[in-house]
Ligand code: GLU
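So this first bit is one chain, no partners, the form predicted alone, shown in structure tokens.
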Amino acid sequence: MTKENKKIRVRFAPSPTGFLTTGGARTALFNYLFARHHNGKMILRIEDTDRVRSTPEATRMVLDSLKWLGLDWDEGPFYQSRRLDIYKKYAQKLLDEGKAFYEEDPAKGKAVVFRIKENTKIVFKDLIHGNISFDSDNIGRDGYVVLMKSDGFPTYNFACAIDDSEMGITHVIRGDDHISNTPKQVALYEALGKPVPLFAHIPLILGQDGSKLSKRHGHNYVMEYKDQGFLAESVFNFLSLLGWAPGDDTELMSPDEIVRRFTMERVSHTPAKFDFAKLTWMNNQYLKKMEPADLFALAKPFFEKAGYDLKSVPEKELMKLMELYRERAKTLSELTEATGFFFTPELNYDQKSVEKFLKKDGSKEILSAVRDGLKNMSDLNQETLEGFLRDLTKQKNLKFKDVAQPIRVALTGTCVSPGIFETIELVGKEKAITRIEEAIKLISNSK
């Protein structure tokens, strides 16, 4: 690692006016990855100068979201609302040097305004888009930029430029939507005699159809991913691939591997596409690899919220449940929903499954035979169950699924579950017999 790399300092600077969005989280992540890859520093700055919309609650939500994703920072959080004296000092410096002036507004009061040099080109280096140039007369309000508002608070561009300079930021990594702000800030750096940082404007995130990202694309605020049962590691992994690629077909990577492989050279200059289906697939891949005990620890709050009595179930059975369903569930909430049959005394039948499998001709006879067979079994294990059900299938001259599906619906309420032998063993002999008898009554009452 070179000395130059050790000096790298980036910042994530959210405005606490609401939840941390997917786009904001991706910006924070790219700053984090760049800093960690180069053994640099990441600074967290809260840009709370919007006195109407900025709230302590929103700040808390932003911090909680970053912590859940595993994005730690090295310095901060710094709050712009507590740095007003610094902005006033620099505004006065520009006033004293004749580079800024007061502008009176009868309705709003006195503001400090900066005049960018006329008829000049403002050029800055962008690590993703290359050199970008602006005509000074087309920046801001015909070359004029407000620095301090009449209420004594700085504008976004002024506070941003001052803080990035004061905090020694070497690389400003943010979304493409900030490109128009950058020439204003570059002009301020130059007017103050401050070094200009390098910029990297990362592409925006669009929906799969190429339109602006919205809820209909599966776009969520970060903590909603958590509430829906996505794992922080899978969201971390997914967000890293929105506009960046490791250079091969690898998609599933640990945070450490992503840090090791992350370079700005591999960040795309075109918009990323948000694919919710890919996120759910990726989350399922992470769930599959989890140890049952670790999975249960994460799923436990979802079970408790659903009102399941976990204390009444032996730990061994809970671990077996996790082992069976980790393959199928895409999220922790889906895992909770899919395993509800195991905890509830009465089943909530899926009506389509009932119509298709329970009410099918011959289902009542199949279930009656299975019930009687279970009653005669002393040892309920998968091997015994398989032998019994295979024999029953041959006796009735049916396909195995014609026997398995009515049993599955009778035991779980749906036509989807792990293997039927494992499912019967998991439910247990007494409960399986009871539920099969209930299904038989349901069939009888429907005729």
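Numbering starts at 1 and runs along the sequence shown. Just so it is clear, the model here is predicted, and its values are computed rather than measured.
FYI, the form predicted together with the named molecule isn't displayed, but the following is about it.
Interface residue among 115, 178, 110, 320 relative to the named molecule in the predicted complex, by the heavy atom within 4.5 Å criterion: 178.
In summary, among the residues 308, 189, 156, 281, the only one with a non-hydrogen atom within 4.5 Å of the named molecule in the predicted complex is 156. Remark: of stretches 221-229, 170-178, 144-152, 338-346, the one touching the named molecule in the predicted complex is 170-178 (heavy atom within 4.5 Å). Although the partner is absent from this view, residue 23 stays clear of the named molecule in the predicted complex, with no non-hydrogen atom inside 4.5 angstroms. At a distance threshold of 4.5 angstroms between non-hydrogen atoms, residue 15 is in contact with the named molecule in the predicted complex. When contacts are judged by a 4.5 Å heavy atom cut-off, residue 160 counts as touching the named molecule in the predicted complex.
For the partner-free chain shown, just 47 of 40-71 comes within 4.5 angstroms of the named molecule in the predicted complex, judged by any non-hydrogen atom.
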